[in-house]
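Just one chain is shown here, as structure tokens, and it is the form predicted alone.
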């Protein structure tokens, strides 16, 4: 089991390094809509993950836990996550890979992420009843919205593959 996890982590780090997601300058170009490679990679990763998860569910191997959706908490978390990503040039996964690459700025982003996690953990008991529970709409999946897991998968594939195509067509294509 350890070997499988090690291989997956190594492969993930290798892929995101090769795509350029460990380079904050390339990440900035992606945020400025000047380089489509990273957003396309992210959308394709979601597509392949969805297909893989669908396959695991079809075989009964899946152990996925769907957490309840909270509109305010999720929106606030997305804003904080996006601001941190934009300021640091890394998301949590790319931060680890960039540290492995020897980028010192990633070390500061990593510790900033740990600090944010510690602050959230400290205020967790206060945050949940005020931000999470009032707008908790329960467990919600695309399959629930579509009424069928097959239709949900098809909708996801169309949306995200369409997103990859749109990014490729309309975003700038600057060279490094």
Partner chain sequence: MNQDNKSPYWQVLPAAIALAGIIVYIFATFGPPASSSGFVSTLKGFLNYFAPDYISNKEHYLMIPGPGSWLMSFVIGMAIGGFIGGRTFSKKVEDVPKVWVDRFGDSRPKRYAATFLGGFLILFSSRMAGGCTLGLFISGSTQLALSGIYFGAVIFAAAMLTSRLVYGQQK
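Remember, it's a predicted structure, so these values are computed and weren't measured experimentally. Residue numbers count along the first chain shown, from 1.
In what follows, reference is made to the form predicted together with the partner chain, a form of this protein that is not presented.
For residue 15, a non-hydrogen atom is located within 4.5 Å of the partner chain in the predicted complex, even though that partner is not displayed.
Of the heavy atoms in residue 135, none are within 4.5 Å of the partner chain in the predicted complex. Put simply, residue 58 is far from the partner chain in the predicted complex: not one heavy atom of it is within 4.5 Å. Proximity of residue 34 to the partner chain in the predicted complex falls within the 4.5 Å heavy atom cutoff. Within 4.5 angstroms of the partner chain in the predicted complex, the stretch 40-68 places a non-hydrogen atom from each of 40, 41, 42, 43, 44, 45, 46, 48, 49, 50, 52, 53, 56, 61, 63, 64, 65, 66, 67, 68, taken in sequence order.
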